[in-house]
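Only one chain is shown below, in structure tokens, and it's the form predicted alone.
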């Protein structure tokens, strides 16, 4: 059991596979002047496998693949197969925008993937095009159906709420849980990184208190569910008679830093210690030395955990400057 300096058990590694994405969400990625990592700077499937093996050896057992958009990795199936064959990996999930899931759902399930989270900000195709930019509601919906059909469940839909875009449509998303055993989760926008996207996130911020109030006003009172996982970042509720769950992830209005169990690995091989801080430790250099051992890789991860900060300082106007959201993976 690996603990940080604040006595939090850290056992969950989020692995960014790539910084590229086939969307340009207004709060995440600009339309132009983006420098993506050259292919040789990305960790290879074998290097990712080594990091996961080392992580398991020091106490990690839960893993998630993120991006950018992880389905853009041509070796995604190989990565999933490598990770799921490692003894001690109890859970492997993936976060995606769903655009390519129609063809990938079945091979990912066969490779050993357990479940997926799908990013979908609206059920209105026009809002999807405006807020998620380059997005197609129809293709995302087909991806959701394909994932559910092969058993990549429980299915979770993540919606970032932004004032002036989708903030008046949250009840439409929440209504999905009446008939579907899905988790529909609303995420507060965070001003992460430099540039225009962070400004959109800050100016468009909507408290989840307001989002919940609107849902209950339109769909009725929800009752809160008690989570068995103390590190669950979502406060979960259920509408009366609903099959699914409505969740609220509120990093700004209700931070959950005290129960955080996460460490992040960037696509270029840095252990990123906190989503909303710039501190990182390089592991790629060690991986490419050619003779590194799992013990040495594990020691870098242990140092990263030891230096993990308690939480963010958004209330003081402080956020990351070194990386934007799409470069960390959320």
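All values derive from a computational prediction rather than experimental measurement. Positions refer to the first chain, counted from 1.
There is another form of this protein, the form predicted together with S-adenosylmethionine (SAM), and it is not shown here; the text below is about that form.
- prompt: So, in the predicted bound form, is residue 269 in contact with S-adenosylmethionine (SAM) at a 4.5 angstroms heavy atom limit?
  reply: Although S-adenosylmethionine (SAM) is absent here, residue 269 would stay clear of it in the predicted bound form, with no heavy atoms inside 4.5 Å.
- prompt: Within a 4.5 Å heavy atom cut-off, is residue 280 in contact with S-adenosylmethionine (SAM) in the predicted bound form?
  reply: Residue 280: no, not in contact with S-adenosylmethionine (SAM) in the predicted bound form.
task: With heavy atoms only and a cut-off of 4.5 Å, decide whether residue 188 touches S-adenosylmethionine (SAM) in the predicted bound form.
output: Yes, contact at 4.5 Å.
task: Verify the contact flag for residue 96: yes if a non-hydrogen atom of it lies within 4.5 Å of a non-hydrogen atom of S-adenosylmethionine (SAM) in the predicted bound form, no if not.
output: The answer is yes: residue 96 has a heavy atom within 4.5 Å of S-adenosylmethionine (SAM).
Partner-contacting position among 263, 56, 28, 286 - heavy atom within 4.5 Å of S-adenosylmethionine (SAM) in the predicted bound form: The option sitting close enough to the partner is 28.
- prompt: Among 169 to 177, 107 to 115, 189 to 197, 208 to 216, which stretch has residues whose heavy atoms lie within 4.5 Å of S-adenosylmethionine (SAM) in the predicted bound form?
  reply: Of the options, only 189 to 197 has residues within 4.5 Å of the partner.
- prompt: Within 55 to 76, which residues come within 4.5 Å of S-adenosylmethionine (SAM) in the predicted bound form, counting heavy atoms only?
  reply: Going through 55 to 76 in order - heavy atoms within 4.5 Å of S-adenosylmethionine (SAM) in the predicted bound form - the hits are 66, 67, 68, 69, 70.
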